[in-house]
Structure formats: C-alpha cells, structure tokens
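Listed next as structure tokens is one chain, alone, in the form predicted alone.
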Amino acid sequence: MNLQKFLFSLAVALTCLSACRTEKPNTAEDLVRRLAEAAQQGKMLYGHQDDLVYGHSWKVESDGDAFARSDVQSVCGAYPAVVGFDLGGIELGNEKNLDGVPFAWMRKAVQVHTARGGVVTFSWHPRNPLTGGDAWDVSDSTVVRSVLEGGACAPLFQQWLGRAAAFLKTLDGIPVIFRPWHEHMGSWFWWGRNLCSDEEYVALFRYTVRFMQNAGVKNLVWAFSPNSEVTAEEYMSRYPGDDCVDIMGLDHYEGTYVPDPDAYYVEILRRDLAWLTPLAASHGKVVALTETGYEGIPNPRWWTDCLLAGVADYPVAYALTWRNAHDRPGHFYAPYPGSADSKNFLEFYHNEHTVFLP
C-alpha cells in the first residue's frame, strides 16, 4: 500500500469521528486514531518531556500543586499537546523516578494533562537487573538473555514488569503511549545493539507486551523507537511485529559532533523519514519523532529552520523534545521565558502544522 492510499483509507475510517475530534480519546485505539488523523491532516502535535512537573528554574514543590505551570505555556500561552514522563525507578518500588519526580505527582499530572485534551507518553530507563547498575551500564552483554524465560534474572524482571504494570493500571484507563527499550540500535543501554542479539531484543519487546496484556493493562499504545541514522533494513532487523507496535518512531538529536550540526540534523532527519514514511504506511502504523532536540538550543531559529524543516513533507504525528532540567541550567530542550529561542518558538507555535493545547 503506498502512502496516498494509506492516508485515504485512514480518512475514510475516521469520517465517523469527524464530529468529535476534539474529545479526549477513551481507549488506546481512540488515541491511535487521533494520532493517525493528525498526520493525515498534515498536523504535528508538539511534545515536551516532564513539562508540568519542573522547568528551567522551577519545580513542583507540593502535593497540592495544580500542574498548571509550564515553560512552554509561559512562552507561547499554550501547553504542549504531548507531555512525556519516565518510569525509571518504578521497577525498584521507589516513590520517585530517576529524575526525582514522585510517581504520585506524575499520576496527577497525567490526569490534568489528559483532561485538557493532551496526550501522554512514557519512556522507561530501568536499572540493570544483572549488575545493579543504571540503564546505561553496558558492562555485561548477557543482561537481556538473563531476563528472558529461564534466565537468572527472569524472576526479578517479572517483579519489575509487575511494578510498572501496577502503576500504569492506576491511570484509570487513560490511554497513554508506552515506549520501552528505545534507542536500541545504539549501544548505550543494556538492551542496545552490541549487548544482545536481534532475536533476544525482539523476545524482550514481545515479552513486555504480553506481560502487560496478561496483567490487564489495556490502555497502552506501543511505540517502537530506535535511534536515527539507521537504514530501513537495520530498523526492521529488531522490529517485534505488527501485533506489538502502533507507532513507528525515531529518536533523533542534534549535537556538536559534526562541523555543521544544523544542516546535518535536517539532512539525517529528512533522509530517515523518507524511508520510514512508506515503511510505516506499508505496516499501517503511525510515524512519530519520539525524541528530539538540541541541548541548550544554541541556534535561536532552531524551531523553524531545523525541526520544522526536518519534518516538512512527512506525516509526523508528534515530536517530543526532551526536558528542561531545573537543576542544570544548560540542560534544556524547550524555550523558557527569556531564552534566546523564544521568539522563534512563537513562529513555530503559530505555524499551521503544529498543534498545542489552549
């Protein structure tokens, strides 16, 4: 099926929803349809990690917070359409995630954001179950094998998955995007390319999906998101199957490791989307830029000249920029009041292709 036929079939399927497109999705299937419809209409939902719980120079301080503060909202007067959170730490039974966000506050923020009409996506950076290190501990290449059925860490890993499932079930059925085992074509996480075989990675992803289903977690939209700068063949080498994926995404960041980082960011993003778009269409999946950004945003026109230029002409349902750390002044990926990119972000906000929340 080519892209035009795929988008036409989506439009036909979504005609019955045209009268209620502004209503909150009630099921995972509703959320997938909402994202597919946005892409079909040439719209891209803008997202920001941890947007409601802290920002460049602030953080939520009390249980009674209304989760109304946002760096993005302070700049453009609207909230990001997508907010991301991370479950790292839930596997240990911790009260807070790896970035210090209490899971109880995270739950409230999800409820507030979705009540506004927003979309929530969860990533997960679990600890290394074999070594006891963090998600970035790549000192042992047998970790994935150890958590699969019959492995030494299988019972512990089942407990970890159970804790994640228990938290996700407390969202009272709110449909959310779940994006585990991301950036797996690199080798900086214990589930990365050089740390396990293709077969082991696929088994890990499929096991996670089946565990959540068997645990009664019915509100998940599943995202598959390797890092960028891969080929279509490499992308599919660890694809867990159409029955385990709703969103085919990419994580693509800009960095200073090349002479002209802005041009390189746009070039690679457009190159990867050129093959991902028809590939996703052939599988009936939604395309997303599941993580992106440029730390510190040194280019004050990055939003229009890089991000928008990179996704132009491609049906990207949403793009999630990473967090604005309250305790690391240079670690920010979205504007905040007074940041050099704020003016250009307003152009990005007013662009006909971007979607925010009132």
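The structure displayed is predicted, hence computed values, not measured ones. When you see a residue number, it is the position in the sequence shown, counting from 1.
Keep in mind the form predicted in complex with beta-D-mannopyranose is missing from the figure; the text below concerns it.
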Exercise. Contact between Tyr314 and beta-D-mannopyranose in the predicted complex at 4.5 Å, heavy atoms?
Worked result: no
For this session: Using a 4.5 Å heavy atom cut-off, state whether Trp322 contacts beta-D-mannopyranose in the predicted complex.
Result: yes
Exercise. Hey, in the predicted complex, is Arg163 touching beta-D-mannopyranose, heavy atoms inside 4.5 Å?
Worked result: no
Exercise. Does any heavy atom of Asp99 come within 4.5 Å of a heavy atom of beta-D-mannopyranose in the predicted complex?
Worked result: yes
Problem set entry | beta-D-mannopyranose in the predicted complex: contacting segment from 192-200, 211-219, 91-99, 262-270, heavy atom within 4.5 Å | 91-99
Seminar exercise, completed: Checked Arg116, Arg107, His125, Arg145 for heavy atoms within 4.5 Å of beta-D-mannopyranose in the predicted complex; positive is His125
Problem set entry | Contact at Arg69, Phe348 and His350 by beta-D-mannopyranose in the predicted complex, all three, heavy atom at most 4.5 Å | no
